[in-house]
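Single chain ahead, by itself, as structure tokens, in the form predicted on its own.
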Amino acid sequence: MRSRPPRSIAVIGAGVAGCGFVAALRQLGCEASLSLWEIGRGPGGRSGSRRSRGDAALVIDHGAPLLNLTAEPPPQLLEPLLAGGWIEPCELRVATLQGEAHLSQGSADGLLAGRLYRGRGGMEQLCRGLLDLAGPAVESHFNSLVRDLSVDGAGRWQLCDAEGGVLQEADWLVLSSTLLAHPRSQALLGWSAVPLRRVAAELGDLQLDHVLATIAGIRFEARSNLLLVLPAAAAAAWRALPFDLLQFDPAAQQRWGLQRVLIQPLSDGRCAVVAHSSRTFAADHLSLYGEHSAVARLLGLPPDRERLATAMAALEQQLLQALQPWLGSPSLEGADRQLMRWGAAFPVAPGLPSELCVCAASGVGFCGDYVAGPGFGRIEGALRSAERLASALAAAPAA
């Protein structure tokens, strides 16, 4: 049993849960050595923002558009994030498309309940603020794929690359996403085994076995998101729409193949439009990666440009037809197009019970929006589960 406070912790995933975990640990005074491993180019995960080195005005929130808090008390990290100017209260003009073409104001979607916040200057600022709260002593490894796991003779976790080389050793392993623990890694990436399940079979930790069996039973819904950047000349009609965020009710999702549309005016007169597909559309295109996919790049998977073009054209056509009553026939000449695929965008309830998130005998912790509790499936759930896990590890009795 690893009852002593951990001296070193390796965290997989730099989304809200991973960044929130290291921030909460430091706020609690934990001095353990922390390393953060992320396959993407920077922090954020599904709360990330697409930017361009050569285009300072281009900021697209391509995943979760906001943080909403539905339960009390608020996460302890909320106030320092607000005080640091990393996030700000958010007011959006929200509408719901019902069925074929009926527009109603407001939304019953859980995403918009409670208090609303967004990253100041882009949703990724939420995670950047959490890392700022964690301080400079956190080792951040971006563009890094942890492909496998092992445990050495002293019981320390080893993070390994695709060739089996050891990237890092740590007393504790924290998974803020489930890729290394869920069978979808085999289905989506063609891996021969689920890394953590393979190691668990050697450890003989019944609690870890139970957790992994529970995680394997969690279903995740994918999403395919179309990103459009419209030049200023073509942006006026989109900027004049009577909403910033359009939700699609179940009948509209079935009719149009879309879940929501976010309109994001840019500072130079352009406009970004992010169309989130329905789960059905994404399931039909599950093996399709965008050209800028970090996973595809690190795994050496070439983009299927013909299929990408077909999928983007289908989403674009559905988007224009759904909004035709308010847009008319807008010109998309000069628009830039990208496809963003989230292979595990939304966990489906009930999720992983919070009491199973610490496997002390093996030195493994779990946090993320897949953990049951307030905010399940959203940023709120990721942040709250990160704080709970940090409290549990920081409170471990001294040896």
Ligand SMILES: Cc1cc2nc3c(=O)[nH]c(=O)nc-3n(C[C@H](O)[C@H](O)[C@H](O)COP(=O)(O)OP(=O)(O)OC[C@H]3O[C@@H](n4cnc5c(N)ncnc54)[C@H](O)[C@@H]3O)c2cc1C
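Note that the structure is predicted; figures quoted are calculated from it, not measured. Residue positions are given as counts along the sequence shown, with the first one as 1.
Just so you know, the form predicted in complex with the named molecule exists too; it's not on screen, but the next bit is about it.
Novice: Residues in which of 49-57, 32-40, 329-337, 349-357 have heavy atoms within 4.5 Å of the named molecule in the predicted complex?
Specialist: Checking each option against the 4.5 Å cut-off leaves 32-40.
Novice: Check for me whether the named molecule, as it appears in the predicted complex, comes within 4.5 angstroms of all of Leu25, Gly119 and Arg388 - heavy atoms only.
Specialist: Heavy-atom distance to the named molecule in the predicted complex: none of the three under 4.5 Å.
Novice: With the partner left out of view, is Ser177 within 4.5 angstroms of the named molecule in the predicted complex by any non-hydrogen atom?
Specialist: Flag for Ser177 set to yes.
Novice: Just to confirm, His182 within 4.5 Å of the named molecule in the predicted complex by heavy atoms?
Specialist: Contact with the named molecule, no.
Novice: Using heavy atoms and a 4.5 Å limit, would one call Thr96 a contact residue for the named molecule in the predicted complex?
Specialist: Thr96: no, not in contact with the named molecule in the predicted complex.
Novice: Looking at the partner-bound form in the predicted complex, is Asn225 within 4.5 Å of the named molecule by any heavy atom?
Specialist: Asn225: contacts the named molecule in the predicted complex.
Novice: Just give me the residues of 341-361, first to last, that have a heavy atom within 4.5 Å of the named molecule in the predicted complex.
Specialist: If the 4.5 Å heavy-atom criterion is applied to the named molecule in the predicted complex, 341-361 yields Trp342, Ala345, Phe346.
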